[in-house]
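Shown next are two forms of a single protein chain, provided one at a time as structure tokens under the names structure 1 and structure 2.
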Structure 1
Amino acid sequence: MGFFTDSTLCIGCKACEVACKQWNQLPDDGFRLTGMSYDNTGHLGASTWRHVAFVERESPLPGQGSPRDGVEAGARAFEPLRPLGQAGTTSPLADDVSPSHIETPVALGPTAQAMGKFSWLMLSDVCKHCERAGCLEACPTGAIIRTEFGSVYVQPDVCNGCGYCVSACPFGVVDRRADDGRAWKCTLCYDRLEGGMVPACAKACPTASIQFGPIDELRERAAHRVEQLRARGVPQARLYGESAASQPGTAGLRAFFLLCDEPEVYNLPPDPVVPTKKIADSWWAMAAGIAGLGLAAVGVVLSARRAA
């Protein structure tokens, strides 16, 4: 199981953040504006397991920015894709706007006229639940495990707060809480999954930007969605971390994204690698270095004997 987050459908409502905090009983972070945008949570942390990033760009983005455009895509694109009772879009606007055939390229003039060269990129970020998770491999106590749903879960009653997982996460997701020192992050709503429910964030998303379901099904949806967007004149549409081939440093993500710009624009690393992936290379390099020093020492001894 996993998440597919389509950033082109995100409207920045933060319903996912609220639902996550409410279900998991997470404390607030002060709700102070960052001063760089309308974002009032800033980043993922021990108390923020879902974070909606607001990226303001002085660059036009065809296909994004029009409420009509988002409603059309949300109502049409994922109509038959509601696994495990997921509601999909609940926006009342969806009843007022007749869904269009999104396979057909449409004129996007209103968006460009309304926004000029300015555009918003919004992304609901979360733990990526990597197929090869650096936090799990670095944990010395076995507190971090892989669940039967494929998610990466931190057992708070086993965590000793050493913090190795924090530095081992290539996305900066895992964080320790100041009051108890233990590591916390998204659990993929493990308790809800056990009860046959979808994660709270996906359930609350009004535009179906956050999709939850079997990972292979999500990959098929995502690939189809990219084709749709490109056909509509959004050539920048791309997937991030959907497979091991696309992101070998993590062997792929169970929470992957559809982006409309380079990953760095969304504050995502372009080529994340779990630290433990290069341990074998480091050992081989050290062994080669030691062997080289040994051969050099033997050469010096033999040269000295010949000179004598």
Structure 2
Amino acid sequence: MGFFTDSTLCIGCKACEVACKQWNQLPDDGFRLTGMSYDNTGHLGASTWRHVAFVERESPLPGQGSPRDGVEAGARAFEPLRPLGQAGTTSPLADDVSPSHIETPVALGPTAQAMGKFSWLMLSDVCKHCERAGCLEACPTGAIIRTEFGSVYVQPDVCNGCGYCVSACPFGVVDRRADDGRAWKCTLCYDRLEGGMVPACAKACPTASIQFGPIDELRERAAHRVEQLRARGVPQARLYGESAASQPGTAGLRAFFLLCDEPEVYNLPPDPVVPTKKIADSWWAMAAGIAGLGLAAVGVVLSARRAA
């Protein structure tokens, strides 16, 4: 089982963040804005297991925009926005976002230009439940296990708070809690899955941006969606981490994503790798180093004996 998070459907409503907090009874993170976009949580952490990233861009994305940039998107681009069978607007804000622009696009000066060059990318980020998980392989206590659903789960009663997993996760997901020092992250709602329910975030997502299900089915759906988007003129649409072939460093992700830009834009690493995959190099280097150290010790002792 896993997640497919389709960022093109995300409207940034944060229902997933809230649902996750409610179900898992996580404390809030305060109500301060980070000072950039509408993101007030900023990153995944011990008390934030879903995080919605808001990327404000100065480049347009087909299918996204405001009624004001009718020029850019074409005269009929926002036809579907108008209520059926209704000629004019019913909005009291009609003067501000006059829908007449939809039919007869006119240049509106700086605003139109700014809006025309503007798009939002939103992405509900989560623990990736990697097929090869850095956190799991690094954990010295065996606190992190793979569940029968294929997810990666930290057993709070075993974790000893060494924090090794925190640095071993190539996505910066798992975090140590300030009060008792143990590591916490998304559990893929293990308790809900046990009860035959879907994870709280997927349940709450009003746009089906978060889809939960058997991983193969999700992959098929994702491939279909990418095709659909490309056909609609979004050539940037791509999947992130959907299979071992596309992300060999983690052998694929159980929570993969559909993106419309480079992964870096969403704070995702472009080519992550589970650190243990590289660690044989280190062990060999260490073997050489300590062999040298041992030889040096023996050598100086022997040479001193010769001198004595």
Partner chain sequence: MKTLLERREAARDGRNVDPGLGTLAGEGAEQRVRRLDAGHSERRVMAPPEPELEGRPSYYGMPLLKEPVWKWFIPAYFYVGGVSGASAVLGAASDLLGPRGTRALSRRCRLTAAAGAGASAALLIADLGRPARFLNMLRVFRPTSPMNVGTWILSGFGAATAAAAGAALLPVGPGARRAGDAAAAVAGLCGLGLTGYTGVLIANTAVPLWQGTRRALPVLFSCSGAAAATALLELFPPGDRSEPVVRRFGVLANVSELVMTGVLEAEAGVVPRVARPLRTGISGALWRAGQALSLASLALTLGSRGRRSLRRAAGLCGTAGSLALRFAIYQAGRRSALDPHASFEQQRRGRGAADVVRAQPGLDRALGEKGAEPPATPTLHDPGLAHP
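Quantities reported herein were computed from a predicted structural model and do not represent experimental measurements. Residue positions are counted from 1 along structure 1's sequence. Only the largest set of C-alpha atoms that superpose within 1.5 Å between the two forms is called the rigid core.
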query: Identity of the form predicted in complex with the partner chain among structures 1 and 2; finding: 2
query: Core-aligned C-alpha movement of V18 between structure 1 and structure 2 reaching 2 Å; finding: no
query: Distance the CA of A287 travels between structure 1 and structure 2 [rigid core superposed, Å]; finding: 6.2
